[in-house]
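Take a look at this single chain, the form predicted alone, given in structure tokens.
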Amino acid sequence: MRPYTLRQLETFLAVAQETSVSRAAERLHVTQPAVSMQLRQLEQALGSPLLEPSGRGIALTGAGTELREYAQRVVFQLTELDNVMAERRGASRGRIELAIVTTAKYFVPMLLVRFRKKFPKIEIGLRVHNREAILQLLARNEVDLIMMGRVPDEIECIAAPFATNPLGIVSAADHPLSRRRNIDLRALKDQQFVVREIGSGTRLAMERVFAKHRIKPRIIMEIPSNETIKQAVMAGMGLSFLSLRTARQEIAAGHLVLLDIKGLPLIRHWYITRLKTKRVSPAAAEFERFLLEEGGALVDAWS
């Protein structure tokens, strides 16, 4: 009998992915001491340290890096086994590991509530990260489905659009441009911008819009948080290019203004995406079907 357990491997993988015992404990819905105990027992069983301090977080040792590769394969194979057995049962139950980009968090909880009213026996594990981290999860086959605004070119996957994703430029309510109409994008070349970090889907869309018009925006700050960006814009720090799904309440309340710019808003789409080689569980298939049939109307009504 092996001296370690599947639970210990799953706990280790959660810590390795989150690079934090506290965040792993939150994700696993257990206490931090419980996570630490599982890690200690696993290290004792394997006879080698797996983690080490790194700045404010933790990093994998050489043994930990090697273990992660094997542990991921083990968990993947067991997940595939669960999916096969679920298909044989033909029941609307199971678990979905879903990952979404941060911008989608404004409407995804609503979708999950609606879905679970229809399928209360299906559990959903939700992870929220920026685009770069989401792509890593997809490439490592650590999730069943991901939700994002731009389909990756570098990974073979299957993606289907289920809702629109309008993007535009917002300002504070008292900004001089807020009262102008039919603004040419080139009029913004001297304006200050507060934007998302490099690599985010919103940042990529903004860069493409400005590059098309041969404009280099004056970026004064990069912030990896839509909430902080909105507060900065409302405080008068500058303009921002955002998914309008994230700013519905502030625009409706008059705290932010969607500038009337030629060619904007840019209408993109939200996609539900999975690896091309991924075996789709019945639960994940139900969620995909739900999004494609009802997701667009629900998102439009919500945001």
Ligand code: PGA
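Residue positions are given as counts along the sequence shown, with the first one as 1. As the structure is a prediction and not an experimental result, all values here were calculated from the model.
Below, we refer to the form predicted together with 2-phosphoglycolic acid (PGA), which is not included among the displayed structures.
Contact check for Met148: a non-hydrogen atom falls within 4.5 Å of 2-phosphoglycolic acid (PGA) in the model of the complex. 2-phosphoglycolic acid (PGA) in the model of the complex is not approached by Arg68, whose heavy atoms all lie more than 4.5 angstroms from it. The shortest heavy atom separation between Gly201 and 2-phosphoglycolic acid (PGA) in the model of the complex is within 4.5 Å.
Shown alone here, Asn130 lies within 4.5 Å of 2-phosphoglycolic acid (PGA) in the model of the complex, counting heavy atoms only. Checking Arg268, Arg248, Arg27, His255 for any heavy atom within 4.5 Å of 2-phosphoglycolic acid (PGA) in the model of the complex turns up a single hit: Arg268. Stretch-level contact analysis of 171-179, 229-237, 192-200, 107-115 against 2-phosphoglycolic acid (PGA) in the model of the complex, using heavy atoms and a 4.5 Å limit, identifies 192-200. Residue Asn165 is the sole member of 154-182 found to place a heavy atom within 4.5 Å of 2-phosphoglycolic acid (PGA) in the model of the complex.
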